[in-house]
Ligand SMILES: C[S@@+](CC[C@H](N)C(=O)[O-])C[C@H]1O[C@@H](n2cnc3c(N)ncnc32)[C@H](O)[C@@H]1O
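In the form predicted alone, a lone chain appears below as structure tokens.
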Amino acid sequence: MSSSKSKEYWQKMADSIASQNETTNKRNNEYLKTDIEFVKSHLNKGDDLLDIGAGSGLVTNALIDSVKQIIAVETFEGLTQFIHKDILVINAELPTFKIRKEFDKIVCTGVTHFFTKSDVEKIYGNMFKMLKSGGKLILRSHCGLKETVVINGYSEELSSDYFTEYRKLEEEVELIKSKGFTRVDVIDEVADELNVWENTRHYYFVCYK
């Protein structure tokens, strides 16, 4: 992450985390049921799946019986101690991560808004390259409604310095398409408990190669 505040926040959590649920940032984790069911609706039993920014595995672990194989990528090693032992874990910086393997599906839930536009452009580009022809990228991201909203400072809610960039929805769609995706469907079905601010909203994106 190019923002030092963002990286420091997640590194601090990774160094001290005692429970898998701590990565929900003090929110009730009921919304994860919606994430899991949405992702599962796009998976097949024979899929090779890549999870980018898998965190502590709250979504990843729930997908293990829905696909053939999962590779989970997460920067912070301390978070990945909770990921299921049958899932291959790779600890790597997300903007530069790319392997010479193609996947049927890539999933990335609640991650991309923690990166600046320049870094997320690299992530989307590498995701496109790692998808098989006809594959899908399944995202949940937090977007600005009328404009890009940047949080760069102290968060009273989290009692910590914090960085996130909620890019305007239309700009995020165009950014994804600019990497080569032929179609991007935006689905407004994220659990209401995540949509607590008037100027931003969480969306699912299904992006087709």
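Because the structure is predicted, anything quoted here is derived from the model rather than measured. The first residue of the sequence shown is number 1, and the count goes up from there.
If you look for the form predicted in complex with the named molecule, you will not find it shown, but the lines that follow are about it.
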Every residue of 10, 59 and 111 near the named molecule in the model of the complex, heavy atom within 4.5 Å: yes
So the named molecule isn't shown here. In the model of the complex, which residue out of 72, 79, 120, 131 has a non-hydrogen atom within 4.5 Å of it? 79
Which of 166-174, 143-151, 179-187, 46-54 lines the interface with the named molecule in the model of the complex (heavy atom within 4.5 Å): 46-54
If we define contact as a non-hydrogen atom of the residue within 4.5 angstroms of the partner, is residue 94 a contact of the named molecule in the model of the complex? yes
Is residue 103 near the named molecule? Define near as a heavy atom within 4.5 Å, in the model of the complex. no
So in the model of the complex, does any heavy atom of residue 115 sit within 4.5 Å of the named molecule? yes
